[in-house]
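Read on for two forms of one protein chain; each stands alone as structure tokens, with the labels structure 1 and structure 2.
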Structure 1
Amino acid sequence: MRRQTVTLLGIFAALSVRANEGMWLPFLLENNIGEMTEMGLHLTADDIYNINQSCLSSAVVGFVDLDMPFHHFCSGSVISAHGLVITNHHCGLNVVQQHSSLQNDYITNGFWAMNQADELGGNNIGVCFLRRMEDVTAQVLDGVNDTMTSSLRSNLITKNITNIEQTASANSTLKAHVDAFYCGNEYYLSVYEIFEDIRLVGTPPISIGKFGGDTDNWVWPRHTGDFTIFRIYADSLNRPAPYSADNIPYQASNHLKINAKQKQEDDFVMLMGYPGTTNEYLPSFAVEATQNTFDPLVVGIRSKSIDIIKERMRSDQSVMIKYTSKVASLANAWKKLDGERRGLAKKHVVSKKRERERLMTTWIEESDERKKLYSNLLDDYEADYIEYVNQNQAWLLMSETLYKSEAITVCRKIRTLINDKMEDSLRRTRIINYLNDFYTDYDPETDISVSKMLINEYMANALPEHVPATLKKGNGVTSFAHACRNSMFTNPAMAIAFFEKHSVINEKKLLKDPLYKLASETDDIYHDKISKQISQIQRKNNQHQRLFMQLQRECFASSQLFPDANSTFRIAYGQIKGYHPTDAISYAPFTTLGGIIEKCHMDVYDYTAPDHLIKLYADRNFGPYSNADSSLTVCFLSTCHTTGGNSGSPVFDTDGNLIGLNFDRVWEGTMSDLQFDADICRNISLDIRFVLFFIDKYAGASHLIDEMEIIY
């Protein structure tokens, strides 16, 4: 009796910090609606999600690349009856870049279509609407039993999923996808309508859309005007259709109303969208490996690359242009993982997880049935995990060093094209196009300095059997330098001329090129000695994790555990709130335009604002978007649980009106992908009033404002 009391108290203590944690499913929202109502929400679960397209979620979209229609790289929302969609600037930047040239530099100057004819189409992105979602676990697991091998199990599941997806999308323009939830314990079907003709309508200059650049990325206080507007086009029957001049603006079944009033700290907020991946239910030893091994490995190597590239960028303007976006993508994950490992350590996540595991062990001991299922689980999992740590370290080391050398990467890409089945002339065109693209942003001097450092790192840390033959000669770097000097791939004109001259490309000839040879040796090591081993151990891990997830759900049955993010539709909620990043420092939850101007007075490359904006500030010309104290809000913080993919997610007030766009998290709280901590995990949103001000007063695109339904 006493032991049980202790156990329950312990479980309660372990879980009581969970306020605002979670990314919830729209069709299971009945479980949350009580808490949401208590926190201030005025809507019912049915107002938020139902299958009749009249609900709030029917105005929320996922952004996809057309060749990966179920991987949502960002989120967004419909804000007019004629298909206007708003998302983040960083989500639309590729499209803006495609339409930009030296003459029409939309990246630098921004772009505003003053009528529909000027909206820019032909983009390779789509937006998807969730039309329904349901639990199909029973059908997916039909025929599966505990005694079958893991490969039989997975084949049967794949077959069942294919059947379900085909049935759900038969005779319609809808697309169906089944995803695994709770680490493979449950399966839910999502049915989407995907529109393929998405046109660029408006975007601010990058100095505003990415104000603060890498300096402010993942950081509060933040002043980034991170928004871009698109319009969905459909065929004459309002159905999805590929890009065509005949298409017309989509007549949306539902669009969001916009609340342009001032918000306050503690206001309830809710957001929806497509969070990509989280791992909230890993065991202590997996978090420990992430914090002490995997994250430091990536962070350590990337810091060195970033330093070298930035140094080159500072000394040469052409390198600045070529490497801005490359260094941004290296730096985005680098900074996030550095924040993650520090947050995990500071919040003692490993010991908290150990404490939870101790509670689970006690719980298991309480019944024979539990013992039968779980008594060896954690020990077996941990034993296998040691092997996984070794394999994954080898993989991370290769992917962060040899695979980050552009000289090696270009050869690997050519090798893939050579080994893909296709007609010779098509192959040649693809290779030449690829090389032209690649060399536009390539600076051999920068790449070779970075690569030398990367190769040193690899040689110092890799197992001898993972070292390519070419690098075994000399000390690695000397052989690499020799290969670079004697390869055509470090010389754009020579490489392109080679493929122009040879209509049939025979790999034997290419293998004489020393860089190509190094790339193919590297690839072979990856395939023969790393990738197979890692997928084998991953399969075991997945089995353990599935059972471990089931254990956590049974042991902590009184608290509702949300499933990890997996690029399906989710709802998160919380409040507008500041935080204390460190001792004696406290952050307020709102930033203002005055802060942009202050930052511009600092001597930091990432802080510049267009003159027109500075003038609007000087005149305090904020129109109806001004705060009571005549300031203009730019960004705000809230306690919603978000991750990559949630960028562009609409943020709602208590009545379901749009008040902001999610675009980032704070650095101290990026650990939320592994463990949400209510003290320091905050998501950062752009205030919708800044968006309206910018469109209206800066861009003068009042025809767009007229299309929207705004509550002043």
Structure 2
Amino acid sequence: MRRQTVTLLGIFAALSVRANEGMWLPFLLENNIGEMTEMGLHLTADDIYNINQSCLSSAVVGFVDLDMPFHHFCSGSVISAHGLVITNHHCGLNVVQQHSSLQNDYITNGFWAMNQADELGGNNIGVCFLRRMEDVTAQVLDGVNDTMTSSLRSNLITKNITNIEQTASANSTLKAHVDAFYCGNEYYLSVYEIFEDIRLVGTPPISIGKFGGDTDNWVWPRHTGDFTIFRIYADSLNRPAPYSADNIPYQASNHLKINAKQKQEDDFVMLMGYPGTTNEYLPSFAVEATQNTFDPLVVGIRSKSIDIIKERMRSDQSVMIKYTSKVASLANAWKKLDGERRGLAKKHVVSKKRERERLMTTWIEESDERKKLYSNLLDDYEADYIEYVNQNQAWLLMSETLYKSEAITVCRKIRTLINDKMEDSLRRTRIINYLNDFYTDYDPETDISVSKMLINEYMANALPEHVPATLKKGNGVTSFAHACRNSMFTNPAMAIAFFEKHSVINEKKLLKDPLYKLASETDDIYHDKISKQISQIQRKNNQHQRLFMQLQRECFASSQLFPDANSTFRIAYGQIKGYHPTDAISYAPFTTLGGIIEKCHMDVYDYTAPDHLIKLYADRNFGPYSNADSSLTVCFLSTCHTTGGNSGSPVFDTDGNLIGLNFDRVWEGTMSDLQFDADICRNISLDIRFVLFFIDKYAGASHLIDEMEIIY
């Protein structure tokens, strides 16, 4: 009996969730409110989330692409009664790029609409408000039993989910979506109101919005003014509507108050938004594969692509405009994954996971019923995962090389549109519209330079049966170069003219184009020799992970385990706090505008600031936004658990006032998607006072300040 007690204590110590860790569900917040209150929160759970009254969560939004309405790529918050929404600069950069040209270079110079008529619309993004959330596990699993095959189980669950979503959104403008939680052990329904007319109001120049560039990405100390402001528009009845000149600013049911006071270390903070994906509950062998196989593959290839693109951007301003957003996307994942694999190794996460699994195995052996359910689980899971590693390597290699070539990507998209069932005239229109959009931000010389390197990487590492026939004819690069020279798809005018000329598109004619043929061969290899195999083994792994998650929840029933992030609404909380990444190095939790000026003297490409900002600093013209020592805070650290999708998430003080915008994590702690470590995992936020200062003193857009409710 004593041995069992010691074992359970050891397991609890090894796996219990520590304060600050977790991404919690709003409608279950009563489970956390006690700890939050002890840490300094002055609000109730109903103040934060309540479907029957105005609350903080009703002023928080998720940003979505309109063709993917339930995949939130960023978060944001409503900061005025007239629909102003603030998020990160990098979240809105693609919209800024679409509106930019050599004549109106909003990327370099920034943009500020001095009245509503100048706000820029026609963007393919939307914002969604969570209107309610509920547990629908019983309905989703109705009829499901343990004797079913995985295919039958999946089909029945899909059918049940479809019925639930249709019922929840029937006869309303609301849209419903059911998501799996705890690896498929529970299911929750989210009901959203999605607004489609979102217009650009203001954004700083990229030298501020992305100050530090890739040099500082995922790094502290940070001095990045990462914010952009949009406005929501609605129809005359304040309902969601497609973009129209007749739409009017949305009249918000709730907007956030802004706290412009100075913050202190150890202050309580809370964060809300739509974190993308985490995998906190994977077994040791899955984490080991991520650390030693998957992450190094992506990091190695992307670093080479980024170097080539940046060299072209430095030499050609038009390339800089076209590829700013693209290279930012490449670099963001590259640096994150590099920090992730290093953090996993430094913190010995694989070894810790193995120890936890050993403790769980001991717990299983203490009960015949547990042994019946779980005794072979980890062995079977690991055996299948080895096969998954091999298949996923093949997919990652193709994804990071052939599928990162824009010349191949455009052909793949055309092929997809051709295979869609629609009228020929509609198909042709969609293809022409797509090509016009694609070529707006395309530079053939840059793409071909990158693609040649990618082809070399693929040819050196791919299995022979995974090499397209076109590339086998030469040494890969030679064949690709020949295809580019003889393809219409590296000549925008020629490609668009081809589809404008042919009212009926015959794919056999297209297959004569060598790049289109290469894209078709690549897709066929992926579907026939990679995708099917991965899907098959992944179905087994999903079953294993569902049981493994069930095992962990049963083993640690007394410990509150948060569900992995899955692009649904979450709440995180912690404190403003510095950290100690390595021996003899200690970081304070705040940075100031003086740090921007210091970096500008370092002669680093990513460290440049506008002359006007430098003058404001020299004059100490900070308005009412400065600190007691006359400095101006730019960014701060806190211990909230965040991930991708949390970009733009509002950060609240103890009374629920807006104090900052989350935009990043520290490099040493990017492993938090797999294992949160309270000692080194920190999220980075932009101080809202820097935002107010920049709008007021730099942009001169005081009309926006007048819209906001600010506490000085």
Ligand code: ARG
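All residue numbers here follow the sequence of structure 1, with the first residue given the number 1. Worth saying up front: this structure is predicted, and the values here are computed from it rather than measured. What we label the rigid core is the largest C-alpha set whose atoms superpose within 1.5 Å from one form to the other.
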Where is the form predicted alone shown, in structure 1 or in structure 2?
-> 2
Once everything's superposed on the core, is S451 shifted 2 Å or more at the Cα between the two structures?
-> yes
Under a superposition restricted to the rigid core, does F489 display a Cα displacement of 2 angstroms or more between the two structures?
-> yes
When the two forms are laid on each other by their rigid core, does F111 show a Cα shift of 2 Å or more between the two structures?
-> no
After superposition on the rigid core, what is the displacement of the C-alpha atom of S315 between the two structures, in Å?
-> 6.2
